[in-house]
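This document opens with one chain alone, in structure tokens, the form predicted on its own.
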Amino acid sequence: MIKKNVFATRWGIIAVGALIGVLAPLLQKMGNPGNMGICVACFERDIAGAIGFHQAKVVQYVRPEIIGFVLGSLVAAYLFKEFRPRLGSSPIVRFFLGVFAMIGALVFLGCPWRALLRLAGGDFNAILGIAGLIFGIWIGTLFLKKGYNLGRTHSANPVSGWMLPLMMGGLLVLVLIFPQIQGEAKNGVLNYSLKGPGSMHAPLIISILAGLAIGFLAQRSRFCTMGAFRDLILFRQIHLFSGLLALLVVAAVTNVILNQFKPGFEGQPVAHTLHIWNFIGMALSGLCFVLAGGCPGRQLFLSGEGDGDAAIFVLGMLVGAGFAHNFSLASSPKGLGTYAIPAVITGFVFCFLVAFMMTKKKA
């Protein structure tokens, strides 16, 4: 007898979205940056800084939540016999889609999850970011309709599926061996921010437990921001979208209860008011997510269940974070990075080149 996966049902995915909507504001209350209880792009950027991919001193910290996402998904995949090591084609394309997805996200200053959480915290600048995300996803669906595909996925040796989980486990070991020392910007091999967003974090054990719980449940429910909008646009299905609505509503209510709801455009934490670039940055990310087959959170969860293609995308995002800060592409509350505009243009050129070249005309 096949046991039903309750988390994949409509109410199951609503419950997962609601859980994230509670945990994210609570993590903020316990120390994570404002309107950034959870942000896959920002947290991967912080990890990139912690291991030396960039030298932006204010965003360097190994975020345990990201480690938990992958390891929690790994546990769920093994428990329910869904660990399926697999690889596809076009790995270098997936890598650079990750790079440009990160660049677009750092122009906006957040991933799709943070866009929703920023709005749930009262940051109305996120509205343009969410609109841009939807627009980018819509462009991507046009290519999906025409036959866009990066290639067939093939089964692989289990060692291929273990690579990213092992990397995340290794990062956790490094954090335990080289913990943050009060007032020290470096301990052994890891960098730690002494000020700015990177210096703000919830306690290690709480962060890792929250990450494990979300990783486990998101793997079971197939929670994906990009997939929610894609299915809504292509098939008029609201299954995944109902989880996003639950996240937004519950996070807003939780923020009100915790006195963290501060409505407005000005003075929002780790945000800028350049609305057109909030839109364009997330449009680039949304297009990258569709072409790669998942939002950044979903890519982490897929990596945990053995998807090597998703792992390549994650590595691309880590490297993209390094590029964004080393070459002044990332935004700050003061505005755009010096070379953000040409980087975003390059990203769109790359995405359209990939989309056209990888689209097979239907007979």
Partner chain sequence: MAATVDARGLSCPQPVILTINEIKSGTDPEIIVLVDTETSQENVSRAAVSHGCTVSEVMQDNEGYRIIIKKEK
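Just so it is clear, the model here is predicted, and its values are computed rather than measured. Numbering follows the first chain given and starts at 1.
Here the subject shifts to the form predicted in complex with the partner chain, a form of this protein not shown in this document.
Of the residues given (204, 232, 246, 144), 144 alone sits with a heavy atom within 4.5 Å of the partner chain in the predicted complex. Proximity to the partner chain in the predicted complex, defined as a heavy atom within 4.5 Å, holds among 151, 263, 158, 188 only for 151. Screening 269-277, 108-116, 164-172, 83-91 for residues having heavy atoms within 4.5 Å of the partner chain in the predicted complex returns a single hit, 83-91. Within this chain, residue 293 lines the site of the partner chain in the predicted complex, having a heavy atom no more than 4.5 Å away. Proximity of residue 357 to the partner chain in the predicted complex falls outside the 4.5 Å heavy atom cutoff. When contacts are judged by a 4.5 Å heavy atom cut-off, residue 54 does not count as touching the partner chain in the predicted complex.
The partner chain is not drawn, but in the predicted complex it has no heavy atom within 4.5 Å of residue 325.
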